[in-house]
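The chain below stands alone and is given as structure tokens, in the form predicted alone.
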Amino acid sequence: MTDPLDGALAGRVILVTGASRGIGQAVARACAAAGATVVAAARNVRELEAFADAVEDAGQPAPVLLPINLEAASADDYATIAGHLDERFGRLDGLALIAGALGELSPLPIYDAVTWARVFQVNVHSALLLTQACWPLLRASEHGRLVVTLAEEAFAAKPNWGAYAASKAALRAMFEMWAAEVANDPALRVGAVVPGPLRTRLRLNAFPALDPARLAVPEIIAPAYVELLGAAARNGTVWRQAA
């Protein structure tokens, strides 16, 4: 049977954050399999190199590796990244914001301030700054796509989820604003994915008693990202993983 997503991203340049493991790597692999040149962003160089080897061994377009620590990166760093992408490709066809930080599960009155700031830096500030830097490149594409990764905690407050829930709620608000701001743009589209319980480091850190074997693998939702990064994506779409 032919994969309906085969060639769906052929010739496109897609930047994926958190590409070294978990959902990010599953999406990066799916984008490469769909024909895209993937710009794989993560802070673990060894894992990025292993990802690149696997992609090239599969005969897929060679990825561009982008080692970056989102917790420490500045606006100037994102501008430099965008400049390199502009010089090499002249455009960016898709940006998938997947990297995220959990922080700690703790009541708000005693939540550690440094951890709070770190989680917001990764989950909110880096998303805004990277998207701002890449916005002209997305506009230069015939089909510019921005896909953000939300969480159920962004839609319903849960006790003790602290900075993670608050930051994902902020990211949800940003997603809705981005989608509204491009509503009349003929080329740009903004979408979101809300993963369910998956076999990721973040999920297992939040619930250390979980048996990983009972969780679905991240690859099951990668096709949703590919669809939202594709030419037929509808603006404002929120894709939720089935329970």
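All residue numbers refer to positions in the sequence shown, first residue = 1. Every value quoted in this text rests on a predicted model; they were computed, and no experiment measured them.
One more form of this protein, predicted together with a small molecule, exists but is not displayed; see below.
Please tell me whether any heavy atom belonging to A40 falls inside 4.5 Å of a heavy atom of the small molecule, as the geometry stands in the predicted complex.
Flag for A40 set to no.
Are any of the heavy atoms in G230 no more than 4.5 Å from a heavy atom of the small molecule in the predicted complex?
Contact with the small molecule, no.
Is A99 part of the interface with the small molecule in the predicted complex - any heavy atom within 4.5 Å?
Yes.
Might V182 be said to contact the small molecule in the predicted complex, defining contact as any heavy atom within 4.5 Å?
No, no contact at 4.5 Å.
Heavy atoms within 4.5 Å of the small molecule in the predicted complex: which of the stretches 66-74, 31-39, 53-61, 183-191 has them?
Result for this chain: 66-74.
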